[in-house]
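A single chain, nothing else alongside it, follows as structure tokens in the form predicted on its own.
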Amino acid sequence: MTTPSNDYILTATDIVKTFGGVNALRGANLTMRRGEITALIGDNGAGKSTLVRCLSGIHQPDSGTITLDGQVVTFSTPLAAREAGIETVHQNLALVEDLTVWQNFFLGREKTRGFGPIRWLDSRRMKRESAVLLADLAVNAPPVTNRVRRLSGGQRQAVSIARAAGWGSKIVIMDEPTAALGVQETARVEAVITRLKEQGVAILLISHNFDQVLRLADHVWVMRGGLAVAERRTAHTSGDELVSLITGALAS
């Protein structure tokens, strides 16, 4: 049996976040190992989304520490998290439908060329780099000149994931990446996720699909009531055990 590495790329310790009188996180903990897929599961209201928003810079924890690559970090904005190497693929994908694939890839990060203050967009370079990034991950990659509104759900997910991975990310957070997809498109997106892992990117997968969690993830954390109440190596657990941990029928 292979012993998992304890080389953690991210550690969240005692994360507390309140909204008025609501204690969304009551001292949550989470670890992620390099090159692994870590799943985060729990019932609605368990605190998963709040924890993810703290990791991605949308919220700032009231207390607790986040350590990335051995350094304690504080993210005041999502941009700060992205610059540190944490990209997030949200459920709504955050793609602009009237822009092309390559324009979405470089939105806010446009490449330019020219001399001194006289510069213009280097669209040829951005198209070329987008095509390479997408081809590296997606088997049935759409042309980068297509507008997003013409893409299928699976293609949109592939674009969103490839965009997140394409910026030298250390961690990619994926919030329900296949929730609205059919069987074939789900399989394609899962192939993209697996390929991303093979490239050495650590992935945090938030999913209600336990079959998917057990199929893709190396490690799973269970949240309940604003706390991470249990962790398991997926090779040594089952869907029934995960349900019992979520509901509290089984002690951690």
Partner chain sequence: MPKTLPVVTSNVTTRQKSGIGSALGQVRQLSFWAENAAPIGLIALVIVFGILSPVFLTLGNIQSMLIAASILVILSVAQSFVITTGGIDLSISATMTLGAVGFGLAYQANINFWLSVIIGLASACLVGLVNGVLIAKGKVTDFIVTLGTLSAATGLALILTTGKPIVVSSPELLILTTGTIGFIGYPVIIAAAVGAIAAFVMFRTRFGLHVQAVGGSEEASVANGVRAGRVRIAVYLICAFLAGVGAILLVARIGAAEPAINTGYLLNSIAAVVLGGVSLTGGRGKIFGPILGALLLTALANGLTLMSVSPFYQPLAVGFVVVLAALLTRFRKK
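No experiment lies behind these values; they were computed from the predicted model shown. Residue numbers count along the first chain shown, from 1.
Omitted from view is the form predicted together with the partner chain, to which the following refers.
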Next item on the list: Go through Q91, T74, S123, S152 and name the one with a heavy atom inside 4.5 Å of the partner chain in the predicted complex.
Entry: S123
Margin query: Contact check in the predicted complex: L79, E110 and K127 versus the partner chain, with a cutoff of 4.5 Å between any heavy atoms. Do all three pass?
Written below: yes
Check: Is the gap between R156 and the partner chain in the predicted complex 4.5 Å or less for some heavy atom pair?
Finding: no
Next item on the list: May I ask you to check whether V132 falls inside a 4.5 Å heavy atom distance of the partner chain in the predicted complex?
Entry: no
Check: So in the predicted complex, does any heavy atom of L99 sit within 4.5 Å of the partner chain?
Finding: yes
Margin query: Is it the case that S169, even though its partner is missing from this view, gets within 4.5 Å of the partner chain in the predicted complex, heavy atoms only?
Written below: no
Checklist line | Contacts with the partner chain in the predicted complex, stretch 10-44 (heavy atom within 4.5 Å) | finding: none
